[in-house]
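Coming up is one lone chain in structure tokens, specifically the form predicted on its own.
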């Protein structure tokens, strides 16, 4: 079995002591398969940034361990050479150009390659602005430059914290395509934290949702949402239809619609039951819960 790109074993982090003690991360166990775009989601204060900092060895855990490709990041810092990261926004020398900033970073990391820098600038959409001083860059442009910086050493694992901050809708769409390309075409693993759940739903293969320092849900996006699907039925006799279906599915009435908690593949069986009882069906709609709605439900943010 291939080594997970990231593996967290009972990872914990506590800040403060005694009455001021705060458990930011409470015993997380998580394995991120290599080659996927993996979403790491949670409300503000859930423990996302703290977890990412421990993965990057920017802060030390209070217990447990963070492994990158099977190696403990605290004991083996060299493994972080396989990681590129854009965390908590990009910071650059404002008086230097975008290109010069990348050159400085590349030389510092012993990874200078002028052609690679030019290629990255083109890929993130900054080729025509590469020779302008960064102080004139917008937030979105700095995010693009930050992504290029994260890829300078051609890492196997790319950790991105809110990579679409400051981007307009067209820029977000471009970033989505670029992130997918990193996994699909270049075989990289992308560990992505974002509050734009609609974007996460479109770009991520798997997600983990963290709330109050604990993982509350994890799995493939399609599988998580498939379990939250429903069928909307417009029938002639709602009461009789409900009586027929309720022994098998959860049914509720919303205006003219019957909402049946069932998957798309269960539609033929459901229709056969109603037809056998002479219930006329005028319309059926399949409705799958969005990742945003699922997130609100599992984190209790729905009120």
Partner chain sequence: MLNLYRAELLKIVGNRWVTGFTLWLFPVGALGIVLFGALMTLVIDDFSFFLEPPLWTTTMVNVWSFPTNILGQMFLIGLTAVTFAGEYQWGTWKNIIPRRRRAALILVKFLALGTLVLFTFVLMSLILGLGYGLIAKIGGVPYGPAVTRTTLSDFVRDYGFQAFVTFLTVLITAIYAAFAAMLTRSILGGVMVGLGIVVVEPISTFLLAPVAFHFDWTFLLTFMRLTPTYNIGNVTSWVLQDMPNPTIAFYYEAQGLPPPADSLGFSLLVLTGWVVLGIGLILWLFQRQDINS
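Keep in mind that this is a model prediction, so the values were computed, not measured. Numbering follows the first chain given and starts at 1. Note that the rigid core is defined as the largest set of C-alphas that superpose within 1.5 Å between two forms.
Here the subject shifts to the form predicted in complex with its partner chain, a form of this protein not shown in this document.
With a 4.5 Å cutoff on heavy atoms, residue 205 does not count as touching its partner chain in the predicted bound form; it lies far away. Looking at residue 53, you'd find a heavy atom of it within 4.5 angstroms of its partner chain in the predicted bound form. Contact check for residue 178: every heavy atom lies farther than 4.5 Å from its partner chain in the predicted bound form. Contact between residue 192 and its partner chain in the predicted bound form is not found at the 4.5 Å heavy atom cutoff. When you look in the predicted bound form, the only residue of 243, 58, 273, 31 with a non-hydrogen atom within 4.5 Å of its partner chain is 58. This chain is displayed alone, yet in the predicted bound form one of 182, 225, 87, 130 has a heavy atom within 4.5 Å of its partner chain; that residue is 87. Stretch-level contact analysis of 182 to 190, 118 to 126, 229 to 237, 99 to 107 against its partner chain in the predicted bound form, using heavy atoms and a 4.5 Å limit, identifies 99 to 107. Annotation: Cα of residue 197 displaced by less than 2 Å between the shown form and the other one, core superposition.
Annotation for residue 113: C-alpha shift of 2 angstroms or more between the shown form and the other one, rigid core superposed. Superposed on the core, the two forms barely differ at residue 181: its CA moves less than 2 Å between the shown form and the other one.
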